[in-house]
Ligand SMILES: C[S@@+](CC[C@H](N)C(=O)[O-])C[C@H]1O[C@@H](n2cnc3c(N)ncnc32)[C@H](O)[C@@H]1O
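We begin with a single chain expressed as structure tokens, specifically the form predicted alone.
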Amino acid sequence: MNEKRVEELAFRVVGDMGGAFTMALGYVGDQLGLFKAMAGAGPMRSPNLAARTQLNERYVREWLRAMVAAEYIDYDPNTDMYQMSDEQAFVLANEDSPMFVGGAFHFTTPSTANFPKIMEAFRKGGGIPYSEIGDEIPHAIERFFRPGYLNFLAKDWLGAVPGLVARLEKGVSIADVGCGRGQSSVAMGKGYPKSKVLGIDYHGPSIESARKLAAKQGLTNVEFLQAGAHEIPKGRKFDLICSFDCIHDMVDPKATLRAVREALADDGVYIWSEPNASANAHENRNPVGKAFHSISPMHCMTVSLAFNGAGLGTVIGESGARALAREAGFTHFERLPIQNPFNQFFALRH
């Protein structure tokens, strides 16, 4: 027995335990406004932060100590002051930052409440429908993906397809399949006011939130339809169809892709994103791959298996996407040259 390998694994488990509890306390800081209260406020002691947030000082003090140990915030032992740097605020408190991680805290911790149901699925099969995954989860997912949609979708991601931006600026018809609470649809509608966007999602509360979001933004070129992903309106052709981080969640991803192909205009393009990882788990031994694979049975796989679906799981890789596209009848498939640590993007045509 290799004692060094034994020790490394044991310490890795302890490190993961610390990470799990840190995520839970990150959730506390995100939901109770502790991170935002520290952003730009300068050095402070725990009573100052407790007064700012109207929280119990003893708990705030222990939270601060944990955040220092996790290297999320700074501490000066000479003054007994805690402080959030501009860089830390950019990641932990600024909702519009491309690096904001509040959605990660928000998604991770409530998901653990589903463990009893997940363990039952391990024993008997099936899963947890998205509508029963937890009231916080749709909002958490929205917050997790919003930074990318807000900062990169309209210009950088869509701009990776030659000639597409020029067409969008003139005005085209767009379908956003699996739009969730509408952040991606709204980003495209705002970016290209002459184009018309139809967001489609089967989850009623998410569609309701999406409609409110578009109305709040004053957008008249964005509409939403509550329907299954494969139920793209018949008789309409779209110049651009998108699906961001959702095909692997589908009950019947092949049916969805066939519906996408059928609804795509002859000269149209389908842009599809998936987690940036290999289909082979042993090639994903890194923090991002570890996160994706751990999420899979807790969310992406279970919401599909709840309806006896394909249950692809979070990670299908480029090879899995290519296979699905081929079975759906697409003849052109390319990986777009977008550098993103979390997602890979594909452009498909008839």
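Throughout, we count residues from 1 along the sequence that is shown. Quantities reported herein were computed from a predicted structural model and do not represent experimental measurements.
The discussion below concerns the form predicted in complex with this ligand, not included here.
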Query raised in the report: Is Cys179 close enough to this ligand in the model of the complex to count, meaning some heavy atom within 4.5 Å?
Result: yes
**Report entry** this ligand contact in the model of the complex: Ala227, any heavy atom under 4.5 Å
**Finding:** yes
Query - is_contact(Asp245, this ligand) in the model of the complex, heavy atom dist at most 4.5 Å - result: yes
Query raised in the report: Might Leu240 be said to contact this ligand in the model of the complex, defining contact as any heavy atom within 4.5 Å?
Result: no
**Report entry** Candidate spot Phe35, Tyr75 and Phe90, all three touching this ligand in the model of the complex (heavy atom, 4.5 Å)
**Finding:** no
Query raised in the report: Phe145, Phe100, Tyr82, Tyr192: which sits within 4.5 Å of this ligand in the model of the complex by any heavy atom?
Result: Phe145
**Report entry** Candidate from Val186, Ala277, Met250, Val260 lying within 4.5 Å of this ligand in the model of the complex - any heavy atom
**Finding:** Met250
Query - Interface stretch in the model of the complex with this ligand - options 119-127, 196-204, 262-270, 213-221, non-hydrogen atom within 4.5 Å - result: 196-204
